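Coming up is one lone chain in structure tokens, specifically the form predicted alone.
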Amino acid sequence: MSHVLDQAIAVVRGDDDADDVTVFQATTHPAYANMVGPFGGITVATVVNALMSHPDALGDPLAVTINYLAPIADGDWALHAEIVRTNRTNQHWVFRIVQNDQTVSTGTAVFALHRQTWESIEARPPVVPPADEVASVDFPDFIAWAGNYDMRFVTGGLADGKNDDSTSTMWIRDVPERPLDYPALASMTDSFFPRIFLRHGTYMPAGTITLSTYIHATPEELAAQGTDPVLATARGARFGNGHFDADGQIWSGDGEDAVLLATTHQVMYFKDPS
């Protein structure tokens, strides 16, 4: 039987229409349900998986931005994707997610070829204990998607209560274990619970409005990661006026040899608990 992640991101490609828009058919999976609609990360992963499967896709996913207009309801949905321009080393897409004849998400994606160039990683990973020295954390049953991950919080878990610092750092990998690839990595960039929960020390109404994921990992770096846990860290920037933003990083590990695999930034809405 295939891994639950592969089941959740499965798509069926239809024919291109007269405007060269390709329609992919997808279906929500109960294992990745969230408090309202599916886990946003699995939606991003499905988009990445679909675009990668297109015969005209160039290279590997580099950036995906998705705007959540409305929750996706349980059941079938469609991804309408169009290649807007293909250059020598990068390719630009626009897409819409449609359900019951209503657009529920919009977005863009960039694919690119990896070329040998000078490189440097200025960011540094947090200093943390090894994953096997950190206890795994369970989430409530109503956050179904979290059960698909082994999360080991070094700092900033919900059990820490109200906190003046919204930083969370954790080791994370798929459950059951699964070799890391682009869809799985894209999904993990949305695995951070809303930073407002940590600031208030409680669950409260909140949801993602727009999520941008930037994928730095090469296929070789993903292959080298295998099923090992990645190190994920996120922090909010400003909270107020019903919104906040947060950025995150996904690392291959800690220490001098760690590779920055992906970065992410998102804006969320929140409501003060009544």
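A residue's number is simply how far along the shown sequence it sits, counting from 1. This one's a predicted model, so the numbers in the text were calculated from it and none came from an experiment.
Missing here is the form predicted together with a further copy of the same chain; even so, the following discussion is about that form.
> Looking at a further copy of the same chain in the predicted complex, do all three of R96, S120 and A237 come within 4.5 Å of it through at least one heavy atom?
Every residue of the spot touches a further copy of the same chain in the predicted complex.
> Thinking of a further copy of the same chain in the predicted complex, which stretch from 186-194, 150-158, 69-77, 130-138 has heavy atoms inside 4.5 Å of it?
Contact criterion met by 69-77 only.
> Does a further copy of the same chain get within 4.5 angstroms of any non-hydrogen atom of T22 in the predicted complex?
T22: no, not in contact with a further copy of the same chain in the predicted complex.
> I'd like to know whether V36 contacts a further copy of the same chain in the predicted complex, with contact meaning heavy atoms within 4.5 angstroms.
It does not: once a further copy of the same chain is placed as it appears in the predicted complex, V36 has no heavy atom within 4.5 Å of it.
> Does the 4.5 Å heavy atom contact test between T27 and a further copy of the same chain in the predicted complex come out positive?
So T27 does not count as contacting a further copy of the same chain.
> Look up in the predicted complex whether L62 has a non-hydrogen atom within 4.5 angstroms of a further copy of the same chain, and give yes or no.
Heavy-atom contact with a further copy of the same chain at 4.5 Å: present for L62.
> Heavy atoms within 4.5 Å of a further copy of the same chain in the predicted complex is the criterion; list the residues of 250-271 that meet it.
The stretch touches the partner through V259, L260, T263, H265, Q266, V267, Y269, F270, K271.
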